[in-house]
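Quick setup: one chain, the form predicted alone, written in structure tokens, and binding and motion questions come after.
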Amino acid sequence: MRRPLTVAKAPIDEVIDADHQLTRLVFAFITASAVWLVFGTLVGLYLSLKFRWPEIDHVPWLTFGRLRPIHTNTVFWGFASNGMIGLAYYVVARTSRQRLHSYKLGWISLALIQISVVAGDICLAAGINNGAQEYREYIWPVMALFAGALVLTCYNFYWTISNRTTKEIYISNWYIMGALLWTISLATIAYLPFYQYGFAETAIQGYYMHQGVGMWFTPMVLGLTYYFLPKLLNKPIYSYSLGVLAFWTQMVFYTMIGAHHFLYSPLPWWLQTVAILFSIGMLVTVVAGTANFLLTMKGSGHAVRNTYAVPFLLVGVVYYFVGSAQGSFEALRSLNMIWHFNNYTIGHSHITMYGFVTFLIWGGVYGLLPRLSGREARQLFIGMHFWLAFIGVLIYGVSLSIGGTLQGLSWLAGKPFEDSVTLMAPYWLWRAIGGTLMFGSHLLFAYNVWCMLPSKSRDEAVETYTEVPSAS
């Protein structure tokens, strides 16, 4: 008897009797997210190859200075933002037990995001940008479109939650609304013209760069996990109080930590010290949130074995702790001297944005889409997606963490800069290997999303399940 290539997983046990208009909107966001993921990480993969083989091309618009912001902005605003907002549309309506306030506004928001990413990437390729300001390289008219989409989404969610038929506001909606309100404010502050000079620009850059991760991506995916994790485990969240503690400490501590990216700079010493203290304070948030999720998973090992969605969420929760704790320790002046401004930071950013944020998005996608469409992608391809992504980011993060540490120590020892470039060569090769595995997983993800689309014309590509309406 032949042994199966992958361990059999349980098929979806229900198909949600959801609003078909909402289903179409959610699938549109997720499909756009998958497309941008493939494009954005294809650019990133090409960049990783250029580190090992810099002579690979001599085309102006393929230079590192143009491709790198295309990669980061595409995966931030194209992939992750579309994915989170798409899942949030379902979660907000479901937890409020109310129809979405306006489907029209949802489609307008979707269109604005796509236009902003397309226009922004074209501008970056042409050398039209907002200067050397990480993650805000898009010029203000482009980012205004994205901010407009957030405003419409926030308005839509607010009235959906306001008209809820439940007494309490579910904790997921606290995180989702908090993320939208903070990010709208953040985008406004970051692009006000009278901040765009001197050290004020540097301070705002640190605020914007770190807030983009901590007040947009982090609360959004945590809010989604507070819905999908207990739903997939069929049990309540371990502690509502821990969730509230994590929410408010996130809002308090994260607002002041951006300056830890500019330690030993001309920024005021007190501002740097406050950033360090608040960075350490974030350990309270991270421990509370991680413990809440892991304690919810306690005793549910069968769910990890029987479904692919939960392993994605588990990896995301673990990386949430690892990446966040890593960031807190990196804020200490003694460690910052070694790790900052080198490849260690690149590894750290992928551990957080990829291992944490992206895995939680994937867990939500695989947990929701089959239940909306009644169609599940093949277990082999979902399993291959998981392992390629997991092993890829592990190789990527570990290699750059080790290489970046050696690079920083080389600088502190006063050795020539060329020595640090030479010693990084093997680690850049491992970076390319890890990135290749990750990109392969993204192609599988895009195919899996296509297989889960609610279309009856792909019976040969998907497994069809009997509809069992549920009120859950």
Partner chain sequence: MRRSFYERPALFFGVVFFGFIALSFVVAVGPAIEIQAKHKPLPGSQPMTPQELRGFDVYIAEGCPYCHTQQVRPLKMDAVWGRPSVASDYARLEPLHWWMETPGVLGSERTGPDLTNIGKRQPSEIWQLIHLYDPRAVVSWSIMPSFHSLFEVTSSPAADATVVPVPPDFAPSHGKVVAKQRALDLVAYLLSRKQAPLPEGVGGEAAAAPAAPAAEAGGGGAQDEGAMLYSANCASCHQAGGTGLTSTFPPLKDDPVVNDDDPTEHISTVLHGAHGRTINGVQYPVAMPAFKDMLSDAQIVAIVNHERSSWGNSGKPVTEEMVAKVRKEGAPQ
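Since this is a predicted model, take the numbers as computed values, not measurements. Positions refer to the first chain, counted from 1.
Not on display, but discussed next: the form predicted in complex with the partner chain.
Interface residue among S239, S102, Q196, N306, judged by heavy atoms within 4.5 Å of the partner chain in the predicted bound form: Q196. Note on contacts: among Q133, Q114, S399, T296, the single residue with a heavy atom within 4.5 Å of the partner chain in the predicted bound form is Q133.
The candidate stretches are 219 to 227, 367 to 375, 86 to 94, 153 to 161, and the one lying within 4.5 Å of the partner chain in the predicted bound form by heavy atoms is 153 to 161. Interface membership of V35, defined by any non-hydrogen atom within 4.5 Å of the partner chain in the predicted bound form, is ruled out. When contacts are judged by a 4.5 Å heavy atom cut-off, P69 counts as touching the partner chain in the predicted bound form.
Taking the partner from the other structure, the partner chain in the predicted bound form has a heavy atom within 4.5 Å of a heavy atom of N343.
In the predicted bound form, the partner chain sits within 4.5 Å of a heavy atom of L181.
Of the residues in 270 to 309, those that come within 4.5 Å of the partner chain in the predicted bound form through at least one heavy atom are, in sequence order, W270, L271.
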